[in-house]
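Given next, in structure tokens, is a single chain: the form predicted on its own.
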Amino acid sequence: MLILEIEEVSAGYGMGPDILSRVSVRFEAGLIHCLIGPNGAGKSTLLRVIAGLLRPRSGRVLLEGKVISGLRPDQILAHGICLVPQDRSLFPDMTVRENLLMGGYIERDQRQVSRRMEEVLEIFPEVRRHLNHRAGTLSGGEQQMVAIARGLMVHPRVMMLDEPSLGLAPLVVDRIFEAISRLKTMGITVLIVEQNVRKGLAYADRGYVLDMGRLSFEGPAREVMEDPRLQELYLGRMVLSNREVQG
């Protein structure tokens, strides 16, 4: 069953050119979807459009058949779509517990908030150990876990993760992706933007390759990983970059 549909979306920032150019893509409910592509391909921009942080210049976004691309970010969050951005956006001077509670601010039933926090802490026992610590004192990996845990406090139907492995040690990255896999077992649809192509596709059900603001190709994650076009895309960018440096 489809949960998200992106129809002919073009988007950019300010008066600048389009970063996304008539992108159309569909995401199935309950699967892990990995968006990959070179820097500047428009991956993070697509997540921002879905989250309502950037309005498309044309096209539309639909959640279960209903248009949401005109809604405010808080309204889209209330519909169950949560974005964990690259910078994690934690409140560094607040405790981990307070950060988690901020994630559940739209829930008025405090008993429900307490239940959700306990569920989240079962997924991230590392977070439980730091509940009374200021978020800004944690390591990068611990902060990423807190950021994902805070997103889960809204009980999302769709969770979007922008570069969850960025700057983290390999062992920590493994732990993050193990937790992401568990989201799928909870029935949450996951969208990941990931520069670590092998890791992202290894945990995903489907892969989507963006290049220069367009959807280049998509398919089952394993087939995308083995597709020669993927290697050509990345190797081509590397060769061009090396030539620019030498020039």
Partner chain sequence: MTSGLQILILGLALGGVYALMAIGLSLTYGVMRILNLAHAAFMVLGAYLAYWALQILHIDPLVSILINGPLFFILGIVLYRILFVPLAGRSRYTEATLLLSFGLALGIEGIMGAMWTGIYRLANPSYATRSLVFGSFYIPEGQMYATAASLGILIALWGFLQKTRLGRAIRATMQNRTAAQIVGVHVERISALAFGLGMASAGVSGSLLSFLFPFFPGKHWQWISILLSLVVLGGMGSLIGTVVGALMLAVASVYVSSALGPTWSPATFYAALFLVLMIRPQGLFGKREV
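For clarity, a rigid core is taken as the largest C-alpha set superposing within 1.5 Å between two forms. Predicted, not measured: the structure shown is a model, and the values here were computed from it. Residue numbers count along the first chain shown, from 1.
What follows is about the form predicted together with its partner chain, which we do not show.
Taking 91, 98 and 150 together, does each of them reach its partner chain in the model of the complex with some heavy atom inside 4.5 Å? Yes, the whole trio is in contact, each within 4.5 Å by some heavy atom.
Only one of these stretches, 101-109, 138-146, 165-173, 117-125, has heavy atoms within 4.5 Å of its partner chain in the model of the complex; which one is it? It is the stretch 101-109.
Are any of the heavy atoms in residue 53 no more than 4.5 Å from a heavy atom of its partner chain in the model of the complex? Because a heavy atom of residue 53 falls inside 4.5 Å of its partner chain in the model of the complex, the answer is yes.
Although its partner chain is absent from this view, report whether residue 77 comes within 4.5 Å of it in the model of the complex, heavy atoms only. Result yes; residue 77 sits at the interface with its partner chain in the model of the complex.
May I ask you to check whether residue 161 falls inside a 4.5 Å heavy atom distance of its partner chain in the model of the complex? Contact with its partner chain, no.
With the partner left out here, which residues of 70-85 have a non-hydrogen atom within 4.5 Å of its partner chain in the model of the complex? The stretch touches the partner through 72, 73, 74, 77, 83, 85.
With both forms fitted on the core, check whether the Cα of residue 72 differs by 2 Å or more between the shown form and the other one. No, the C-alpha position differs by under 2 Å between the shown form and the other one.
Would the C-alpha of residue 110 be classed as shifted by 2 Å or more between the shown form and the other one after rigid-core alignment? Comparing forms between the shown form and the other one, the residue 110 CA shifts at least 2 Å.
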